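In structure tokens, the next block holds one chain alone, the form predicted on its own.
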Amino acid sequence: MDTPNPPLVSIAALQKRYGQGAVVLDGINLDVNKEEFVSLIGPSGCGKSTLLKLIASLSPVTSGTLTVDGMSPKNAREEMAFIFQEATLLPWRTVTRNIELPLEVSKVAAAKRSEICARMRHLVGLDHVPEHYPRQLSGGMKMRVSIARALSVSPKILLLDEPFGALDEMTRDRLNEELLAIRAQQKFTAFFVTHSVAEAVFLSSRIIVLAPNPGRIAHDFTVPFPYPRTAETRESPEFQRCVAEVSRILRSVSPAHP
């Protein structure tokens, strides 16, 4: 009998609090396998971004365990890349030089940097603006640079904290489709924070619904339709049913407003 592969990310009895403040996350148990696309949704303040930061080793766990590829998050840091809501590009660097930044930090040779950068630039559709500066780019183009920069280090895990939240709906939908096309080639595992149920359903293989006060997993929802997904996917009755079901779950864990 084949031994099943261990989870790529394993979280058990995790608790997080900042200093002596209230508990932000409590009793988090979650196993995520290689190449899953997991979205985290829930009311504001339920700890979605905090959980992402714990996985990325940007903040320490208070208690419980969290392993990434069998290691502590700190020791697995080189296997991960983080994309924030803002593109966080360096304004004095061109598209090309922004994409190359993590490779420079890792002291990758110039010729190899150039080769990887060209490949990433092509992957995200920015071959026509290699020497543009961030001020010359639209919001969607800036986010493409951010994605290319993150993928330049070939991460096993991509952590995305509402990367498309500030974009208009048309640009957001297009970048969702492009992200899945890139993932089909790069084969990374994704953790994606969003407030959009439709975005979560479109992108994900699983959706983790967090409830607040303290943050905890209320529901682990498996998205029932296969990849690849296209613009037509959003128009299907099955997609609409999924959005309605996850929306209902989200409403059930959201604090009531007077």
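Computed from a prediction, not measured in an experiment: that's the story for all the values here. We number the residues from 1 along the sequence you see. Take the two forms, superpose them, and find the largest set of C-alpha atoms that agree within 1.5 Å; that set is the rigid core.
This protein has a second form, the form predicted together with another copy of the chain, left out of what is shown; the following refers to that one.
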So, N5, T67 and D220: all three within 4.5 Å of another copy of the chain in the model of the complex by heavy atoms, or not? no
Partner contact check in the model of the complex: of 25 to 33, 201 to 209, 221 to 229, 38 to 46, the stretch with a heavy atom within 4.5 Å of another copy of the chain is 38 to 46
Non-hydrogen atom contact H122 with another copy of the chain in the model of the complex at 4.5 angstroms: yes
Using a 4.5 Å heavy atom cut-off, state whether E115 contacts another copy of the chain in the model of the complex. no
Is there any non-hydrogen atom of K142 lying within 4.5 Å of another copy of the chain in the model of the complex? yes
Using heavy atoms and a 4.5 Å limit, would one call M170 a contact residue for another copy of the chain in the model of the complex? yes
Along 234 to 248, which positions have a non-hydrogen atom within 4.5 Å of another copy of the chain in the model of the complex? S247
Does the distance between the two CA positions of R135 reach 2 Å or more between the shown form and the other one, the core being superposed? yes
Compare the position of the CA of E178 between the shown form and the other one after a rigid core fit and state whether the shift reaches 2 Å. no
Checked in the model of the complex: CA of V124 to CA of F164 differs by 3 Å or more, atoms lying closer
Given that the CA-CA distance for M143 and S44 shifts by 3 Å or more in the model of the complex, does it become closer or farther? closer
